[in-house]
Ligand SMILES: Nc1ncnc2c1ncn2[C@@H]1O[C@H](COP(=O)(O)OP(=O)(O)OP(=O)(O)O)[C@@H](O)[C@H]1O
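Just the one chain here, the form predicted on its own, laid out as structure tokens.
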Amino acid sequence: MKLSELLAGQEHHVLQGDPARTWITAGTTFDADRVMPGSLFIAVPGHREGGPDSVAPALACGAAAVLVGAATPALAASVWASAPEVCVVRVPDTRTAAAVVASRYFGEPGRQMDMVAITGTNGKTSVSYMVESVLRISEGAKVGVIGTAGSRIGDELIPMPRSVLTTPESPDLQYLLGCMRDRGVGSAVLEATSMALLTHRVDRTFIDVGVFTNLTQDHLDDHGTMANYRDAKLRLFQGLCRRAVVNADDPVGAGIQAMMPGAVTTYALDAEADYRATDLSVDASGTRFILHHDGRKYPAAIPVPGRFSVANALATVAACHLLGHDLGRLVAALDRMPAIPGRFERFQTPRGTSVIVDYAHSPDSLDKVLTTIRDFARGQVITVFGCGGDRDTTKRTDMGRIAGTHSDLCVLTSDNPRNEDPQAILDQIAPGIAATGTPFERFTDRRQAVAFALSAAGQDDIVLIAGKGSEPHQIIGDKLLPFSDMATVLELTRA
């Protein structure tokens, strides 16, 4: 595709070459080491594997063209001047431009599928899996999913370079959507993080239904204040989606209704809403409830315990119903959903201990999971958890207090310590537990922590391993080291 076609309608200034005579044949990328002959290299400031300082390596790899931002330093200019055959174009903001050119390069694939994007502090992964499951179960639909657990069509993973991003950068996101369209996917479900929305990764995906789950404290290391965090989430509902499904039990939901008058559908457990749940009955096997919509009642069940799971189910059903799928069939599919990896994922050890692996890594999510467990626990509750390094430090003591309040024993351990001292992170969590009087142990080695918790648990006890869910790695320093909570449990209980 010609560079001039990719840039049509966008403000830009040609610094070198002719966009009308420059063909982009190998896609777009922010990463210099992924450039191939015919690539468009986009020099995004601050991007770890790219940016203006990576123009020279990108040119050496055969980039056909380079997009630079308004603030690109003069150093880059001297580099591209040494390659006069390469077209160089300056745009006001490289991230905004990247979303447009990547979408156009792949033929705007979002326009050719039903697109659902989910944002909120908690529930994004669960709702994305639920949408995929109920559409597949009720109609045999082919659904693509992009999120924390990677990108897949059904059970088939789409190979991509290793990344810790829940929402891929726009060149990768548009590539994935293009793959899904080309393989006959009818609906694609996307987890939209606050940083993805803030940095324009989700622009030009043509979202049909945007879902808002909730807003609680998290990611203040990125956003600074809860107001900034909220505003980043709300970008999804400021022109990026045609219709919205919002949680009316969350105060932020009212603001979304004001932003999109006439285009918002609500769900709730407590407030009045278009989709409501009443008569909840929770046990270890799941939750039964009555779904109310448009004056009708639908008996429903989901194989996951807890109010939060019912809220996720309501969001799922509302979004799919808005896309035109039959409500009765959607509700009937709920109790046939498979387990979601790392989301209240359960296993029983040979000695009768129940193990639950969950992604809960914020105060609100940890409180909800532990409250649910307490509703059906017959024995002790032992909680293994930590807090991520290089992330919001203000939540650490609070998470310790929550774990101590709802547990009989806590086992502090490393989550993803990144570049922080693991012991220092545990030192910040410990006062919260100590204030509750609940006994606790601490192991910076996560495997040792899990092993201790399992050895301390007996029949009818529950061990919650929280914080990492289905993540297949642990981030220590700058390294991604293989580690899975559930795989570790299976290994230790087989020994």
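Just so we're clear, the structure is a prediction, and the values are computed from it rather than from any experiment. Note that residue numbering begins at 1 and tracks the sequence as displayed.
Although not depicted, the form predicted together with the ligand is the subject of the following passage.
In the predicted bound form, the ligand sits beyond 4.5 Å of every heavy atom of residue 237. Contact check for residue 360: a heavy atom falls within 4.5 Å of the ligand in the predicted bound form. In the predicted bound form, none of the heavy atoms of residue 408 sits within 4.5 Å of a heavy atom of the ligand.
In the predicted bound form, the ligand lies within 4.5 Å of some heavy atom of residue 308. Contact with the ligand in the predicted bound form, defined as a heavy atom within 4.5 Å, holds for exactly one of 94, 287, 151, 126, namely 126. Contact annotation: of the candidates 174, 312, 383, 413, the single residue with a non-hydrogen atom within 4.5 angstroms of the ligand in the predicted bound form is 312. In plain terms, the part of the chain that comes close to the ligand in the predicted bound form, with a heavy atom within 4.5 Å, is 365-373 out of 291-299, 365-373, 328-336, 109-117.
Three-residue candidate spot 121, 214 and 343; every residue lies within 4.5 angstroms of the ligand in the predicted bound form by at least one non-hydrogen atom.
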